[in-house]
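Listed next as structure tokens is one chain, alone, in the form predicted alone.
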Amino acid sequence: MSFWQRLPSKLHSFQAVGVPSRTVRPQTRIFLPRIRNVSTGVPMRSDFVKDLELQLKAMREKAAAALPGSEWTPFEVRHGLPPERVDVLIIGGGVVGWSIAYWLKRKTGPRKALRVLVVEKDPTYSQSSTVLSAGGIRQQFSLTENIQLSLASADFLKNINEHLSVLNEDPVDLQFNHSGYLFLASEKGAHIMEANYETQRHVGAKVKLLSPAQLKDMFPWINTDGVALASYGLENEGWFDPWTLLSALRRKALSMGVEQCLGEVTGFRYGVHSVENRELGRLQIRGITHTNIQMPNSIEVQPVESTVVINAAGANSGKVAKMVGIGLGPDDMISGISIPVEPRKRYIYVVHCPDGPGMDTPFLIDYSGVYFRREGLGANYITGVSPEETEEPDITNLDVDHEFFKDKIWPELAYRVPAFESLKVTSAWAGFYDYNTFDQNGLLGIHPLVRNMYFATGFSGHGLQQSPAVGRAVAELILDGGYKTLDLSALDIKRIIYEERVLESNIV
């Protein structure tokens, strides 16, 4: 039984007792045009009949257009304002949000009555985590679910025009570079790499372990001092253009009838019901009825009614959750547990090195945490590293700290690749991770205290590469009532309540 057929009953096992749900059934109104005599002199019967026939024809067309599944409305559509009611409202127009929108429409069909709205506050995407990322995709994780997500997403990306092509539009070119990831391990971390390798191969990833001698033979430009073991991705790994994927998902979703709104979510209207849960005691369950959206450069706030709300707000998803009361209760209560997702600023530097590694350069991850990959064809590379927990940079802006490169990155780069002694920084930028401080893995599913808010957030740098598979998984949760393709139960958001961490050892 689908989600929509189950709406009058409970949406989740946590709402087991006393949580009424309601289905808002859209009503179709047919407004008949007034028939008037437009003659200014003596009326002529033939003109009147022609005019009447034309107006009756227009009325019939309008009435037919008003049948279920139609987009016709008798009201004037005001540019820029969101609709008054939708079925699913997605907060966050990044790659995860648009992927969810795409899969919702794909599973129901473009002409079905499911109405989906994507709300994005940054129309330029100048602070979007998606477009400011390094654009990598890999299967070299330690957690089975992360490997599965990236394998499924890689298959989507390889066949992207089967999914995201639009009639009379250019084909999608992700500029996918299949050079693979190369992880280096010290003696201390070699046993972890070996265990990860076994998991990756078991799940289906094509990965190869290399000794220091094999590594040097394959990539002579690497200094192998201190390297005990290396792991190299043979298939489905590399990097691509993040903006192209975001644009393609958005273009396809819009062509399927998804609506978009540029504005910022400022709050919710919701009802509260008290229920008794055998495991968690008495809970105050909320049900969102309206999402308040403030329009750009305006004080106007537009409430939008919806059946389901999806929090895909990335680095801001914890802030959005607080708007519905999550994390605002007493510390010793479930309502006091915040969504552990916050923005973490990461720097990416573009360097030029004429004598640097050539076209076979992989996406290299040193055991120091420093990474680099080739960028284009002109001896350019991008590089970065995650700072220590105690050295997290200021998140009130996206300014770049160039001293960070000189102190933390360049020495490690030059040690591992001696040619980088003579590099030059040509540009740099900063972006935000939607960092899950609990266990650095994605948070999926419906929140036990808000019966109609689903989460897809906290990917801690993996959201771009996992977004195609995550979008499908969330659509399955909503429409099918459970996972059908990949079992991602381990990533359920309830684990933060039970304090059951799902740890990933291959965090970059």
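Position 1 is the first residue in the sequence shown; the rest follow in order. Since we're looking at a predicted model, the values are computed, not measured.
Form predicted together with a small molecule: not shown, discussed below.
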Partner-facing stretch of 164-172, 278-286, 340-348, 224-232, counted where any non-hydrogen atom is within 4.5 angstroms of the small molecule in the predicted complex
340-348
Partner-free chain; cross-checking the small molecule in the predicted complex, the single residue of L151, V265, M193, L143 with a heavy atom within 4.5 Å is V265
Only hit among V320, L364, L249, L104 for heavy atom within 4.5 Å of the small molecule in the predicted complex is V320
Closest heavy atom of Y181 to the small molecule in the predicted complex, within 4.5 Å or not?
yes
Look up in the predicted complex whether F459 has a non-hydrogen atom within 4.5 angstroms of the small molecule, and give yes or no.
yes
Using heavy atoms and a 4.5 Å limit, would one call Y125 a contact residue for the small molecule in the predicted complex?
yes
Using the partner position in the predicted complex, report whether R201 sits within 4.5 Å of the small molecule, counting heavy atoms only.
no
